[in-house]
Ligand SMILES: Nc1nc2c(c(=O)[nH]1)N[C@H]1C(S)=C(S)[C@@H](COP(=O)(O)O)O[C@H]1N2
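Before any questions on how it binds or moves, here is one chain, the form predicted alone, in structure tokens.
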Amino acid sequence: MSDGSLLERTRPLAPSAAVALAAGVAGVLGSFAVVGFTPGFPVAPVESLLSRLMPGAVVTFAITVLGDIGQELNLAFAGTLVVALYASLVWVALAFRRQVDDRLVPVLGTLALVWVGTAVLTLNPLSGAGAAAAAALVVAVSEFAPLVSQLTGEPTTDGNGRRRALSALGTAAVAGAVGTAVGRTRTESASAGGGSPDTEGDPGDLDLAYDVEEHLGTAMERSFRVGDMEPAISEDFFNVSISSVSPTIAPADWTLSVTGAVEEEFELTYDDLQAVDHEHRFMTLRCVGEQLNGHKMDTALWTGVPVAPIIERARPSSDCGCVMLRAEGDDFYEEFPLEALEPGMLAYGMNGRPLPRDHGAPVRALVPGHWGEVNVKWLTGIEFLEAEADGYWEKRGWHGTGPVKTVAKLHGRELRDGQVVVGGHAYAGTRGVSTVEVSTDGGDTWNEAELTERLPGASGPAADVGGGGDALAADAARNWRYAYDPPGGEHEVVVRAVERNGTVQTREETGPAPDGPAGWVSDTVDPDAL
């Protein structure tokens, strides 16, 4: 074969590669337009698989060093893999075009191959239709664009390759913009709907007998606002999951299986929970993987039912005293002592609305005073164990299933009437915080900060409010603030919490791994910069 013949045969490869890549991108965004950021999105199962295959050391590095960027990079890599898959399938369809002189062949081939590929990935034919249609549109435009040159009498021998590539890229850009906008709307609808895109999140959907607004109003009254710090009820509740895409589970399809070492195994439906007397509780969740002064510690008013009656009905028969909670969708599981679960609740409401999808809709577990990882979202299984077993994070080198560590965070600062005012949140799990102490000289001397009142205790038909409703929240953070005359220039402010039994928060500083961050929070304050 001569060099000239080889050149002629390979000349179409470059524009075909551009067309295939453009179609791959359009396919991903076309699927996003149809299903949004839900499990039907083809990137979701790939990202989830990567998370499961990732070695524990890599997971720890991503959490402790990269933070949220680590999960974003994993999602981006998963998206790149799906684009490459679609591009490969389109390339196969374009290869047939070089064998059969028919412009419809690659278009129909792209439709079929991308649809099948997406359906295999997601088990969602609708998602496959969106991906296939978008990718096929790009291929169709690239195939028929040269006809424009012929109709207008323009030369075609020297420009068709570039014309095909540019037409494909332009079409992909338009399809991508439309797909992104439509997909975001669908994602917001699904997230706001508590697990169902058809649900608007009307507070009346919970059929609550108590005035939730009154509870939330009380929480706002027991809040300090200093600088950028959040009030007692978090306005932007943190969200951490092993997968970026949250499961979508309709309440009508949800069941909770109670199994294992029990005298009675049974299953509960969402309607079963709704038929039981509910209660409201203020509870705080803190992420085991956060930084010491991070922002992954938040409080909400949760609505649900106590776990204790479910445990009593099951009648555990093992001496292990341990339980495994299992989640739907992301297949998360976590083991911890049964005694920690007994005072817990199964929540289906958050701040007076149905539980949002990203926070575990339709039902999640809440385990008082324990790290967020054991408060399993999208809960579908409670298994009572015969012997202790490692949970998801324990298998990856973490041990954050124990009680949360005490912390006082410094999140707000401002100048007020010539004084520096600093503030933040203090939390000690069910041990409670009695005092927050502040040092403005790097820890040499200490002064007591002002604390908000504790939030009210559990309320509602299922709650024991201690004869008169004076009970206080057993597992909720408190706001603190401290005002002082600033010294000259920059200075170090240190804060620490004291538990109700008088135990002072440990000074020894540790990172998140393997069992959560600890230590006194300190930061440099410059009055001139406030």
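In this text, residue numbers run from 1 along the sequence as written. Everything quoted here is computed from the prediction, not taken from an experiment.
There is also a form predicted in complex with the named molecule; it is not shown, and the following applies to it.
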Taking the shortest heavy atom distance, is Thr259 within 4.5 Å of the named molecule in the predicted complex?
no
Review point. Is Val240 a contact residue for the named molecule in the predicted complex, using a 4.5 Å heavy atom cut-off?
Key: yes
| Contact flag, Gly372 vs the named molecule in the predicted complex, heavy atom cut 4.5 Å | yes
Within 4.5 Å, heavy atoms only: does Arg364 come near the named molecule in the predicted complex?
yes
Within 4.5 Å of the named molecule in the predicted complex, heavy atom basis, the matching stretch of 405 to 413, 436 to 444, 80 to 88, 230 to 238 is 230 to 238
Checking Val376, Ala134, Ala347, Val323 against the named molecule in the predicted complex, the residue with a non-hydrogen atom inside 4.5 angstroms turns out to be Val376
The one residue among Leu94, Ala449, Leu111, Ala327 placing a heavy atom within 4.5 Å of the named molecule in the predicted complex is Ala327
Checked 337 to 370 against the named molecule in the predicted complex; residues with a heavy atom within 4.5 Å, sequence order, are Asp358, His359, Arg364
